[in-house]
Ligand SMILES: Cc1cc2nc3c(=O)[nH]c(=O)nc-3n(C[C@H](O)[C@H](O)[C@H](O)COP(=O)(O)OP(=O)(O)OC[C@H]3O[C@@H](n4cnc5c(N)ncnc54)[C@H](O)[C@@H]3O)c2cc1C
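A lone chain, given as structure tokens: the form predicted on its own.
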């Protein structure tokens, strides 16, 4: 993006600039769990659906690249940052409950969603209580743990179809039933059609809040024992290859603790790469490639990454 485009944005949406919704050169390492990444040329934090639609309309009408950012828990962002516009959904945090259904906006953290369900005596989301990230990212990736996935509790979602025709029409909103999400392992239709998640409804079951809290605590204790929660990471780096456990493969190759710069294979769980303090995206990428080469050499298994890569690496 150049100064002319930024000037046009300011001319078309001066109120968004005045309210601090549009900012420039914001460090993205402050907006992702890896704590790695250069600046966003333009960083936007809309409060409302209409503001979000205005920003998308601007991007599509002016052919400006954009990226929708949730909590950034599954991302490796380039050291050079991102050109164009980054739109954060962190301010979309509405939660409501009706009988056994909870509606959660895309920017709600999974932790807050699970705590809200617990407070309202609704069970089914305990498995997700320790998963980092937002509701939007969880639905996008069909997040899961302990043999449960988001698809198991999802009822429906509201999304934006980000095409020029749709955004400039009177009805850019899509309503998806659970079966229309085309869920599979870490995959949904949102990825295929590049849909923008707005909110989801979860269908849960009544249970005692103390019992729900006890299950959540048990899952969290397991995570603390097995995962490097004390250090910045992007969660599991690789998809699980059929018939193998990724962490065990990497550990059996003698790579536990191996590091490049400040990017290191976790001593606690070899499926995680952690930031020891000042890791760069280049460090992480080189470490990923090294792991893939060594595992393939030892076991003839090609590890596929689960994290997403943003920007020029």
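Computed from a prediction, not measured in an experiment: that's the story for all the values here. Positions refer to the first chain, counted from 1.
What comes next is about the form predicted in complex with the named molecule, which does not appear here.
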(request) Give a yes or no for residue 58: in the predicted complex, does one of its heavy atoms lie within 4.5 Å of a heavy atom belonging to the named molecule? (result) no
(message) Using a 4.5 angstroms cut-off on non-hydrogen atoms, would residue 138 count as touching the named molecule in the predicted complex?
(response) yes
(request) Mark residue 181 yes when one of its heavy atoms lies within 4.5 Å of a heavy atom of the named molecule in the predicted complex, and no otherwise. (result) no
(message) I'd like to know whether residue 75 contacts the named molecule in the predicted complex, with contact meaning heavy atoms within 4.5 angstroms.
(response) yes
(message) Can you work out which of 81, 132, 84, 172 has a heavy atom no more than 4.5 Å from the named molecule in the predicted complex?
(response) 132
(request) Could you work out which of 195, 102, 212, 125 is the residue within 4.5 angstroms of the named molecule in the predicted complex, going by heavy atoms? (result) 195
(message) At 4.5 Å between heavy atoms, only one of the stretches 213 to 221, 116 to 124, 231 to 239, 173 to 181 reaches the named molecule in the predicted complex; which one is it?
(response) 231 to 239
(message) With the distance limit set at 4.5 angstroms and only heavy atoms considered, check whether 33, 68 and 145 all reach the named molecule in the predicted complex.
(response) yes
(message) Do any residues of 106 to 126 have a non-hydrogen atom within 4.5 angstroms of the named molecule in the predicted complex? If so, which ones, in sequence order?
(response) 106
